[in-house]
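Single chain ahead, by itself, as structure tokens, in the form predicted alone.
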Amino acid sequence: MTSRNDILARVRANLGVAAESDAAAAERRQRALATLAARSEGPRPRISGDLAQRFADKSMAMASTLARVATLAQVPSAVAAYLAGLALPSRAVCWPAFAALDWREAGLDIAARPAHGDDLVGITGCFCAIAETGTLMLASGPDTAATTSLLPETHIAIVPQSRIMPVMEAGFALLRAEQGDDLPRAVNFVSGPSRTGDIEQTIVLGAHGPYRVHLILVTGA
């Protein structure tokens, strides 16, 4: 018996509810999936035109910075230029998908691993991006650690232009289409640096996460 089943069995025992058979559980799950599939969609904003430009404008309005490159191979030099421009460390961590980029040629020391508490710069991709609000959609997984975008002071995100969706609903539809029932443990939406206005209604950046978010838009990807 798994830990999950053990916990649910204890809950049922305390509630005086009989255990559900495997067949009944499967039938209930199919009914739930059928209900989701038959749902009616509410009104959505109409986002048209240049999605990449809309995403760029909205993300910068949320205090992100943005650079454009034509290919993924140009990302290391763009990262190096950004870090040097702010006198930031040339050491960082990245998702494994970007381990093979030529970071050393750009003068960077990049480790392909999840971020720890003392890492100052984290480099990630994104599952997709949302043009409507300039938001990154990040799906957690073994090779897409959430810590890499949440722990460092500076978050650099690589955004393929082909992965820019018009609205958030389109992002979730893409997630279901590509991952089916095998959904990620967590989906995080990032709209600019972390911020809070809890104290005297004064906006403070970096209160609960990075206080810099830099986007590298790859136009040819």
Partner chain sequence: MRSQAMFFQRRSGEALADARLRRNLDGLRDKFVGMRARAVSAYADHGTATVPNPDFEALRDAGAAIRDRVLKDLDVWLELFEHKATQRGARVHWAKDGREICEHVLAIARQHGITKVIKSKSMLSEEAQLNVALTAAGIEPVETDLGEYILQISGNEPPSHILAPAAHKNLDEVADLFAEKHGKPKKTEIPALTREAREVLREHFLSAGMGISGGNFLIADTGSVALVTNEGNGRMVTTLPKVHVVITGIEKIVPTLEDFATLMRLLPRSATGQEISNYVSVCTGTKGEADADGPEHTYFILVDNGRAGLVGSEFQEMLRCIRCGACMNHCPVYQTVGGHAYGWVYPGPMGSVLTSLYTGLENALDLPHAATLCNQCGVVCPVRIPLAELQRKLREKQTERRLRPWTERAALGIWAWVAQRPALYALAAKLGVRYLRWLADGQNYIKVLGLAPGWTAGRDFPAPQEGTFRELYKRRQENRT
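Positions refer to the first chain, counted from 1. All figures in this text were calculated on a predicted structure; none of them were measured in a lab.
Keep in mind the form predicted in complex with its partner chain is missing from the figure; the text below concerns it.
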* Asked: Within a 4.5 Å heavy atom cut-off, is Ala70 in contact with its partner chain in the predicted bound form?
  -> no
* To do: Look up in the predicted bound form whether Pro193 has a non-hydrogen atom within 4.5 angstroms of its partner chain, and give yes or no.
  => yes
* To do: Answer with yes or no whether Gln201 is in contact with its partner chain in the predicted bound form, where contact means some heavy atom within 4.5 Å.
  => yes
* Do Ala177 and its partner chain come within 4.5 Å of each other in the predicted bound form, heavy atoms counted? -> no
* Going by heavy atoms within 4.5 Å, which of 103-111, 86-94, 71-79, 147-155 lines up against its partner chain in the predicted bound form? -> 147-155
* Which residues within 35-54 place at least one heavy atom within 4.5 Å of its partner chain in the predicted bound form? -> Thr35, Leu36, Arg39, Ser40, Glu41, Gly42, Pro43, Arg44, Pro45, Arg46
